[in-house]
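Take a look at this one chain, the form predicted alone, written out in structure tokens.
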């Protein structure tokens, strides 16, 4: 361990996670590690609540679970519990809220995003735009793939009002948008921004009220360590929620779902956005990770991520640039989330070489030349970063990546 590890105020939180032997994990921005206790919690639910108590567990344990998690999430994001719902996927939540906003007729009928947004968000926006508005979503293109041209984005907000969707932290470079400033500009123009928090929640100190955010959503399997396929969350300011209708009139969105009425009566809170049966096993798996994040505090998590990403940025610049690596994340630590992206023409083979190293280093690869190094402040050590830079330098220096195949795995 380094001196920085010994002085790290969050160092103890590493002990809350399962760590595979001889592995440095730098892919927390794709899938977080397994918290200790999660497997035991799932076993309890499977064997006792499901196995023994069977359907009685709905009344005793399960029906209240989504609301308990919504309360926890409200503390993490500074929203109200009645403004947050947990369940479904990020894509389903984005479809629901975008279609609801279009149907509400409160905002100009143009859907907009930018080239830095996650591709699946654009797929959904395009489908809604084509089906409801007869035109594709507008995609704002910048000269750079690293960061948004904020003046260009502000100009669009002023001249082309509509329903915008932006990722608070972009998936490719980690660029972080000025949330409050853009929300205020959107409001002035009669627009609204749907914020995708997937790459931000758990490493950025997000205050939904202070930033005057009206709509936000995101996944929980990255920095919140909720596990593969963990449920998404949706936040809608309660003054706006009362004016919206769920475009998917699902069973649990009904005010009295167990009356089995043939007439649909929507719930009068954000629970109207519920659709199907809550995914109990996934919700249980999320509990531990969310609790750990709350205990650490998002201010402390963001501060550590700034320090670690800055150190890593400087080391890459000093030691790896001479070997054909380029930095693909913003230089200013205040303008990025918790991952650093680098590029190299042999990025895929370098990724394989890292995974074959000792210790094994697991980053992720993004086509066609990017390697993302995702730092999770809850468990990433400074010594992990030092070792990673050392091994990367060796791989690049002796070109050992040439021993690996160009053939790509399905998940990279």
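Numbering follows the first chain given and starts at 1. What you are looking at is a predicted structure, and each value in this text was computed from that prediction instead of being measured.
Although not depicted, the form predicted in complex with a small molecule is the subject of the following passage.
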Joint contact, 91, 198 and 221 to the small molecule in the predicted bound form, by non-hydrogen atom at 4.5 Å: yes
Please tell me whether any heavy atom belonging to residue 115 falls inside 4.5 Å of a heavy atom of the small molecule, as the geometry stands in the predicted bound form. no
Using heavy atoms and a 4.5 Å limit, would one call residue 261 a contact residue for the small molecule in the predicted bound form? no
Given that the partner is absent here, does residue 167 sit within 4.5 Å of the small molecule in the predicted bound form, heavy atoms only? yes
At the 4.5 Å heavy atom threshold, is residue 120 in contact with the small molecule in the predicted bound form? yes
Taking the partner as it appears in the predicted bound form, which of 136-144, 120-128, 204-212, 269-277 has residues with heavy atoms within 4.5 Å of the small molecule? 120-128
